[in-house]
Every structure is written in structure tokens, then in C-alpha cells.
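So this first bit is one chain, no partners, the form predicted on its own, shown in C-alpha cells.
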Amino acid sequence: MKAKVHVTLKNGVLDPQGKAVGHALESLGFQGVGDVRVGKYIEIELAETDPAKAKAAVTDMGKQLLANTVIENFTVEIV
């Protein structure tokens, strides 16, 4: 079983990397690019076969290590 975790900055948290990417896109000639936010994507291969237990375990991983929950949100998808 595989878990997909998306980590993004919470609304209102400054994203200097996103700003840099936005400016770079404009300098490359891409028109109409709005706000750019940069996050993380993490895939975790799990031995667990119960989707509910897998999601609970990865949610705990997100809270304890994968995301800084003060400034970041995260979502977990089990596939």
C-alpha cells in the first residue's frame, strides 16, 4: 500500500520560494501567472494492508515529522 502526502504552507504564511518561482516564470515570458505557492510531495510505501490503519499511521507521521503543523497543512491519500 502506498501513501501520498502533500504538504503546503498555510494561508497567510509568506512563501519566498513561491515568490522566486513566480518571478522566474515571468522573466521566462510566461504571462498571467498569479500567486505561486511551493510545497512538498512525499510518497511512503507501507506494509499495512488496512487502509484506515495506514491513513492513521501516516497522519501521525505528518503531525510528528513530515509537516510543521504550525505553518503547514498536509493531506494524506492512501492508494
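All figures in this text were calculated on a predicted structure; none of them were measured in a lab. Residue numbers run from 1 along the displayed sequence.
From this point on, the text means the form predicted in complex with another copy of the chain, which you will not see here.
- Looking at Ala52, you'd find every heavy atom of it more than 4.5 angstroms from another copy of the chain in the predicted bound form.
- Proximity of Leu65 to another copy of the chain in the predicted bound form: non-hydrogen atoms within 4.5 Å are present.
- Proximity of Val13 to another copy of the chain in the predicted bound form: non-hydrogen atoms within 4.5 Å are absent; the residue sits far from the partner.
- Looking at 30-64, the residues that come within 4.5 Å of another copy of the chain in the predicted bound form, counting any heavy atom, are Phe30, Gly32, Val33, Gly34, Asp35, Val36, Arg37, Val38, Gly39, Lys40, Tyr41, Ile42, Glu43, Ile44, Glu45, Leu46, Ala47, Ala57, Asp60, Met61, Gln64.
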